[in-house]
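Take a look at this one chain, the form predicted on its own, written out in C-alpha cells.
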Amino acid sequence: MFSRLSSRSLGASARYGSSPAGRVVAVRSVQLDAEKTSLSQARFASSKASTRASLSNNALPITFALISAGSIAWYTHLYGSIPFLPEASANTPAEDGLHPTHYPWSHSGILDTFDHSSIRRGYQVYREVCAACHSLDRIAWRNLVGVSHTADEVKEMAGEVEYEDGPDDAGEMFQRPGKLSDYMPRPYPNEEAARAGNAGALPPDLSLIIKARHGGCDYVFSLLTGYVDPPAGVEIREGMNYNPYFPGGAISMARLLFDGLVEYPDGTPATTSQMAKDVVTFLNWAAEPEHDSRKRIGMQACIILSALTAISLYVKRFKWAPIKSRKLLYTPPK
C-alpha cells in the first residue's frame, strides 16, 4: 500500500513539478487516488457482505424446500402416488375394499411398547388357528424367548416338532426334535401343495403381513372381524366368502375366529375381537421384533442429544459471546 502511494506521489511530482503549487496539487491528486481505492475496496467488501447476508437469509427456506422435495420423492417412491394430488382409479370403492377403522392400539404411541401378555395370547391363536394354513418363515423359536415365553417353554414347544436334518454318517437324512435355532414349521412343503389344499388360493406368509398391507394392524383386525353376509345384488362364487374389507369383497379364507374358540390360560375371555386383537399384536411383533428396543434407543438418543444441546448453548453463550460481540474499529490513514 505504501509502495503504491509512494509511486503515485513520485508520478504526481513529476507531472506537476517541484513548485509549491505543484506539490500541493500532487498531494491532492494522491489523496484523491487513495480515496478512490478505499471506496472501491469498501464497495467490494459491501458486495461480499450482501452476498453472504442473502445466502444466510435464504438458507432456511432453501433447507425446508429441499426437505419437502425429498419427503415427497420418498413418499412417491414408497406408495407410487403424490400425497396431495388426487389419484384417478377405474376401481370402485368396493373393488378397493372398505377402508378400515383406526383403532387405539396400545403400542402405537411414540413411547408405548408391546403388550407382551397379548403377544403370548396371540401366539396361541396363531398356533391353534392360523398355523394350519399360514407360515411364519422369518420367526425362529429363539425369537420368542424373553418376549412371550421362557426358554424352557420354547424348548418344549420346539421339541414337539420334527425337523429333517442330515445327512448322517451313512449319508441318509433323518428326523430330529426341534431346537431354539430352528424356524417355525411350514404347514405345506411347497407352494403347489399349499394351492392344492386351498382350492387354488395361496395362503400368504404372515411374517411381514402387517407391514405388507395398507392399514397395517387396523386392516388385519378389520379383515378378521369383518365377515358378513353379502348385500343384495352381490354374488359370491361357491367356495368364496364375503368380506367388505378385502379388495373385491370375495375372499377364499372363511371366517375362523368365533367366541370361545381357544381357551386362554390366564383367564382372558376368548371373544372374537379379543382373539383378533391378540393375534394382530403378535403379528405386529413378528413384523417388527425390534419395536421396543428401537423406541428405547430413541429415548436414550433424545436424552443424549438434549444434554449435548444444553452444553452447546452454554459454550455459545459464555465462551463465544465476547468474541462474536466485539467491535473492530478501522481508522483510515490521514
Partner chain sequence: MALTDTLYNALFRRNSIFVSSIFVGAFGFGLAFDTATNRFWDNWNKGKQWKDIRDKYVTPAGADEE
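As the structure is a computational prediction, the values presented were derived from the model and not from experiment. Numbering follows the first chain given and starts at 1.
One more form of this protein, predicted in complex with its partner chain, exists but is not displayed; see below.
The candidate spot formed by Tyr123, Glu162 and Gln175 lies out of contact with its partner chain in the predicted bound form, as no residue has a heavy atom within 4.5 Å of it. Only one of Asn198, Ser106, Ser71, Thr101 lies close to its partner chain in the predicted bound form, with a heavy atom inside 4.5 Å, and it is Ser106. Though its partner chain is absent from this view, in the predicted bound form it lies within 4.5 Å of a heavy atom of just one residue from Cys217, Ile251, Leu257, Val147, which is Val147.
Only one segment in the set 138-146, 184-192, 238-246, 217-225 has any non-hydrogen atom within 4.5 angstroms of its partner chain in the predicted bound form, and it is 138-146. Although the partner is absent here, Asp229 lies well away from its partner chain in the predicted bound form, with no heavy atom inside 4.5 Å.
In the predicted bound form, Ala132 stays away from its partner chain, with no heavy atom inside 4.5 Å. Among heavy atoms of Ala59, none comes within 4.5 Å of its partner chain in the predicted bound form. Its partner chain is not shown here, but in the predicted bound form it comes within 4.5 Å of a heavy atom of Leu111. In sequence order, Asp292, Lys295, Arg296, Met299, Gln300, Ile303, Ile304 are the residues of 291-314 having a heavy atom within 4.5 Å of its partner chain in the predicted bound form; the partner itself is omitted from this view.
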